[in-house]
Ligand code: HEC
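Just one chain is shown here, as structure tokens, and it is the form predicted alone.
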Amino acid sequence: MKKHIFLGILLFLSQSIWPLPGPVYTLVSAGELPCLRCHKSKKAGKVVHPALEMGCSTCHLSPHEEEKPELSLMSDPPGLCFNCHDQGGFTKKHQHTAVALGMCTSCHNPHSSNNENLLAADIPDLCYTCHDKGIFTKKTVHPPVASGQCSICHNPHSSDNMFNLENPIWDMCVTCHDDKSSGKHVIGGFGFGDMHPTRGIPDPVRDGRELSCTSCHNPHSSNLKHLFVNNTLSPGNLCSMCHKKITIQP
């Protein structure tokens, strides 16, 4: 009898110090413990979604409840995402199409990523997944575009300004080009006066829009110098887009 008691104590101590192969007990959330044994890649990225740190059950119900595993999300995106993320930042007047369609995971990895903000790829390559790269890679490229800084001008989720701009067009441009805010640069040296409006009047070419910097310049890229928008005309004919009575000598 004493021998059996001794062996029992010895077995208990051996398991406490040198546990046999079996469940690994670590201080992680109840939701993570079983899942990450098989789904190790979900936490392999440099940037981990805080929701994953909170446990898989934050977003998933019972993925293995049925015979065939399934996502079993608590709710569909974007509703699921709005449980943590403020919906107001995604539902302004102008929404990015991907956001409006609830395609959060088309741009963001919901678990982890090697890119900041859990992006599925680096910008601008991520943007070119939907947007035609040729529009942004013509002969003359706007420097922010060339360096892949799309989000300097555009909010990737939603904005109260057209084209998801962080500010109205004119205000957006003079953030960097403050020396052009007077309008004098447009006709300087041509003898037509010393001013030309760059805002505050209707755009003669684009119905329903205000005259702005993009009336003459393409904000992304152009085949002409100075990012002029009239790609099929000579630079001198830019003025004739609005001023029909002006004759430009070749």
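Given the structure is predicted, the values throughout are model-derived calculations rather than measurements. Each residue number is its position in the shown sequence, starting from 1.
Same protein, other form: the form predicted in complex with this ligand, not shown, and the subject of what follows.
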Legend entry - residue 105 within 4.5 Å of this ligand in the predicted bound form, heavy atoms: yes
Legend entry - 4.5 Å heavy atom contact, residue 114 to this ligand in the predicted bound form: no
Inset, instruction - Indicate whether residue 85 is a 4.5 Å heavy atom neighbour of this ligand in the predicted bound form. - result: yes
Inset, instruction - Spell out, yes or no, whether the shortest heavy atom distance between residue 69 and this ligand in the predicted bound form is within 4.5 Å. - result: yes
Inset, instruction - Scan 143 to 163 and note down the residues that get a heavy atom within 4.5 Å of this ligand in the predicted bound form; none is a fine answer too. - result: 143, 144, 145, 149, 150, 151, 152, 153, 154, 156, 157, 163
